[in-house]
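Here's a solo chain for you in structure tokens, the form predicted alone.
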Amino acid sequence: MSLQPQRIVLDNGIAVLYHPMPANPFVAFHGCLWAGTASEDKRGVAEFTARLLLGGTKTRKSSKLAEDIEKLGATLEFRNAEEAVHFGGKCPRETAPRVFGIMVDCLSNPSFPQSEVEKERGEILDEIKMDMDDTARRAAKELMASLYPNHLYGKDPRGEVTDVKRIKRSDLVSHHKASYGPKGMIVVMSGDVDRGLVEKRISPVLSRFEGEGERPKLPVPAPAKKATKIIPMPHKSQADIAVGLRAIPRNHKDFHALNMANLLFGRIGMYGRLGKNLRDTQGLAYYSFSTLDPRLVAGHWAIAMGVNPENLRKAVDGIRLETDRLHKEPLTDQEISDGKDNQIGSLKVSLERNAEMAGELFRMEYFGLGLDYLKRFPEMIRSLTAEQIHEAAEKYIRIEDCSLAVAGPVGRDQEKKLQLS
């Protein structure tokens, strides 16, 4: 099976990629357009707008949209993010043109009924309220604010409560008119697709999408200062820890080396060295893992952990010691070999499924990795050296530069006791 997709660019600027997998009876699709938080001029309006794309169009009420999608044996969803608005779903081959027609209708002609606006406002406010009472989400939110000061990556795309309450229907209409358009839009399909279906039946439907929106220029985040933040939540029984620092964007030359270091440190198996030591061996954590989150213009590396408040100090000390050990006791040849097998094997298995294939193809186009990326991937991973991986860990995983956020039954007076260095 060839792993290189076909790619065409429509006259209205939409890049369409497709990969035939005829053994799979459905078409999985994924894509985005550049109408996310980066394009808004009023905080929270991009999130609000994206949530209402299925709330009704000029030709269909929300109930009619849901009914039509279900009758076509399809799924369709929209999701706002900092950089773009994402969409995705699946459908049978024979209904694909009609499903894409519904998607174009939602993107082109949302009607924003006032009743749906108020319903969505209530749901967003309820979500924010619940997140404010969630120790893990509070810690993560404060860490992101520290890593990306005054930048869209460090802010909740939903906005704050006051932002959500101030948004008017006219704001949604204005944002849609200014930001939604086909230029630079990405549409990826995998499964029961071929050239005839894409070029003769689906592309004409996508070509009907018009709009003024263009890809916004993403600002590069300013340097971040190390910070420690304590969020007292005395009514809680668990404390959650978020530790992290800025790292690299996705297209950085060190990405694969750093990603391997992160996988072996806090992801693979029972969450790597971190999980094996702090959770399984010492019993200090309910959960613990690390994450590398590379984006278009920046990225960050972080650890998340949930603990009994009585073990808080030991857990923070354990994070520091385990991260130091990554430098003092570099990953072994066996660990690296296992990590390479895991990455290559996991990708091979995931590419047997439509949705996962579509997701990989989408990331290739989104980050500009090249149409032959999946073919090159195994050799790129096999060629990583222990020295490259160790150097990436030394350069980007520096506990002494990490910010820390703790949420739970802990007082602000403990801030000095919980320092990472």
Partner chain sequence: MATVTKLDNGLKVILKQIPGATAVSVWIGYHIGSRNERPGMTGSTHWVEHMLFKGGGKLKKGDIDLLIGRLGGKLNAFTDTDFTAYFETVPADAFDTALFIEAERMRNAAFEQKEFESERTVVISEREGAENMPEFVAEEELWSNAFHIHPYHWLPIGWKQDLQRLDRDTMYRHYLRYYAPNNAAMVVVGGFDEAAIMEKIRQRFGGFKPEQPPEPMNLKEPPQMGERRSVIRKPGSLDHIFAGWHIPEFSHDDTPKLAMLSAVLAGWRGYHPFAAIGWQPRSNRLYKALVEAKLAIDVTCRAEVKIDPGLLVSHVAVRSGVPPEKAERVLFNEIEKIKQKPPAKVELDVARTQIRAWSGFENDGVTYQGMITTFFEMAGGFEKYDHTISAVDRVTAKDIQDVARKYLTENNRTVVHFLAEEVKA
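Note that the rigid core is defined as the largest set of C-alphas that superpose within 1.5 Å between two forms. Bear in mind that the values here come from a model prediction, so they are computed numbers and not experimental data. Positions refer to the first chain, counted from 1.
Form predicted together with its partner chain: not shown, discussed below.
J.: In the predicted complex, does residue 194 come within 4.5 Å of its partner chain, counting heavy atoms only?
T.: Looking in the predicted complex, residue contacts with its partner chain do not include residue 194, since no heavy atom lies within 4.5 Å.
J.: Does any heavy atom of residue 235 come within 4.5 Å of a heavy atom of its partner chain in the predicted complex?
T.: Judged by the heavy-atom cut-off of 4.5 Å, residue 235 is in contact with its partner chain in the predicted complex.
J.: Does its partner chain come within 4.5 Å of any heavy atom of residue 62 in the predicted complex?
T.: It does: once its partner chain is placed as it appears in the predicted complex, residue 62 has a heavy atom within 4.5 Å of it.
J.: Answer yes if any heavy atom of residue 284 is within 4.5 Å of a heavy atom of its partner chain in the predicted complex; otherwise answer no.
T.: Answer yes; at least one heavy atom of residue 284 falls within 4.5 Å of its partner chain in the predicted complex.
J.: Its partner chain isn't shown here, but in the predicted complex which of 290, 135, 259, 323 has a heavy atom within 4.5 Å of it?
T.: Spelling it out, the residue with a heavy atom inside the cut-off is 135.
J.: Answer with one of 251, 174, 150, 350: the residue that has a non-hydrogen atom within 4.5 Å of its partner chain in the predicted complex.
T.: For this set of options, the contacting one is 350.
J.: At 4.5 Å by heavy atoms, is each residue in 66, 119 and 270 next to its partner chain in the predicted complex?
T.: Per the other structure, all of 66, 119 and 270 touch its partner chain.
J.: Have a look at 340 to 348, 180 to 188, 195 to 203, 160 to 168 and name the one stretch with heavy atoms inside 4.5 Å of its partner chain in the predicted complex.
T.: Going by heavy atoms within 4.5 Å, the stretch is 340 to 348.
J.: Relative to the superposed rigid core, does the CA atom of residue 397 travel 2 Å or more between this form and the one not shown?
T.: No, shifts by less than 2 Å.
J.: Is residue 205 one of the residues whose C-alpha moves 2 Å or more between this form and the one not shown after the core fit?
T.: Residue 205: C-alpha displaced by less than 2 Å between this form and the one not shown.
J.: For residue 285, does the CA position differ by 2 Å or more between this form and the one not shown when the superposition is done on the rigid core?
T.: Yes, residue 285 moves 2 Å or more.
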